[in-house]
Ligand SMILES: NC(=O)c1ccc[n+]([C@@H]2O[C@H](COP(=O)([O-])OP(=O)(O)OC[C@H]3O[C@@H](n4cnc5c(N)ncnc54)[C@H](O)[C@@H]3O)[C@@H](O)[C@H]2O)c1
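Single chain ahead, written as structure tokens, the form predicted alone.
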Amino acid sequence: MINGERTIQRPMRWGMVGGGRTGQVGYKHRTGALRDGTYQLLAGAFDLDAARGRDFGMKLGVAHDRCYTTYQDLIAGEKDREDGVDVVSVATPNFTHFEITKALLEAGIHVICEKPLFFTVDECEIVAKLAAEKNLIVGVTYGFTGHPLVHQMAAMVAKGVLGDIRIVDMQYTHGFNAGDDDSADAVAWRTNPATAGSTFVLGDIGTHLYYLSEVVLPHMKIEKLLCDRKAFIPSRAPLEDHATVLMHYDNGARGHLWVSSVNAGNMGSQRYRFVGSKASVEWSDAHPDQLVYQVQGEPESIMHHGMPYLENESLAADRMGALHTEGLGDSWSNIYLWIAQAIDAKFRGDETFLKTHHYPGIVAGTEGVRWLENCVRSADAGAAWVEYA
């Protein structure tokens, strides 16, 4: 159980690019990073509006001279400081991820980046090569996979409790984009191919589903898929606000994934069901403290987080204990903690630790982009089956 004890040599000296006062995701990053005393927020280029960004940063406790105008200024200002930042989180629109991440790595700074990581697998491979050359970590904020019961599912699959996996059924939908876009900047950049890339909801929320399935089913690989996508609001075309993906896995399993931001009336929910030859498990972020476990021929049971009957992999990610519900902030805290532990291992030269340590890194980010490229290739071919490449 995680209880706030320090597990690294010293707190990470941390900075942010983006994540300012008007951003949607910045507080999630700070909630995750600052929870355990594992990071200290010392610098940032928080906003395109320099004055607003500086005011915001100072109200977060960042010194005036370390509230920078641009990410280039942040790099220049921090690289020669004895107390310069170790790691910077990139919480900016998709089209900026590659250039900012690359520049930070070239300056010798570890990176934690929003998803989807970049526009192309080629960009991911460039960054992966650079990170390896610089001996640096690139973390990706797949913030839902810190939930303890996600790791309970993974442990149950790994130990054969469910038998051979046959069916993978996943959904992440909401209705907040069911109407026409008027003036919401947060929607405008996400539906513009120049700033969002080749997808809208597939990249924005679908990659969360795909990565969580990788965590639970690391032994299964997609052989081919079919993606059918549509923009129900015409102004969003050619990007999609609704998509369905069918997947065939190398063990013969079948997968179904549905993402939508036009599920009118839905407040936002994820649901995962993994069906094996012996039993099934189902988990939803709407009830993150509960895991439905169904064995063929037996009564349905509900597993609760923090209970001693759970696997060690689940209990190790628990923070609140069984009496209290764990939420998204706890999950983000776990993600940030695991990335800090990876960076700390780099500081110590402990490659043995890194070989078995779980955190969403450059490989996870690359595979998310690869999945998106295959989805787009299928959809653009008229929702055709494509061999996974």
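All values reported here derive from a predicted model rather than from experimental measurement. Counting begins at 1, following the sequence as shown.
In what follows, reference is made to the form predicted in complex with this ligand, a form of this protein that is not presented.
*Asks:* Ok, Thr92, Ser314, Thr199, Ser260: which has a heavy atom sitting within 4.5 Å of this ligand in the predicted complex?
*Replies:* Only one listed residue qualifies here, and that residue is Thr92.
*Asks:* Work out which of Glu78, Asp318, Asp204, Asp86 lies within 4.5 Å of this ligand in the predicted complex, going by heavy atoms.
*Replies:* If I apply the 4.5 Å criterion carefully, the residue I get is Asp204.
*Asks:* Each of Phe46, Pro116 and Thr141 having a non-hydrogen atom within 4.5 Å of this ligand in the predicted complex: is that the case here?
*Replies:* Looking in the predicted complex, the three residues Phe46, Pro116 and Thr141 all sit within 4.5 Å of this ligand (heavy atoms).
*Asks:* Please determine, with the chain shown alone, which of 348 to 356, 319 to 327, 59 to 67, 22 to 30 has non-hydrogen atoms within 4.5 Å of this ligand in the predicted complex.
*Replies:* The contacting stretch is 22 to 30.
*Asks:* Would Val17 count as touching this ligand in the predicted complex under a 4.5 Å heavy atom rule?
*Replies:* Result yes; Val17 sits at the interface with this ligand in the predicted complex.
*Asks:* Is it the case that Phe176, even though its partner is missing from this view, gets within 4.5 Å of this ligand in the predicted complex, heavy atoms only?
*Replies:* No, no contact at 4.5 Å.
*Asks:* Using heavy atoms and a 4.5 Å limit, would one call His110 a contact residue for this ligand in the predicted complex?
*Replies:* Flag for His110 set to no.
*Asks:* At 4.5 Å between heavy atoms, is His305 in contact with this ligand in the predicted complex?
*Replies:* Flag for His305 set to no.
*Asks:* Within 189 to 210, which residues come within 4.5 Å of this ligand in the predicted complex, counting heavy atoms only?
*Replies:* Contacts from 189 to 210: Trp189, Arg190, Asp204, His208.
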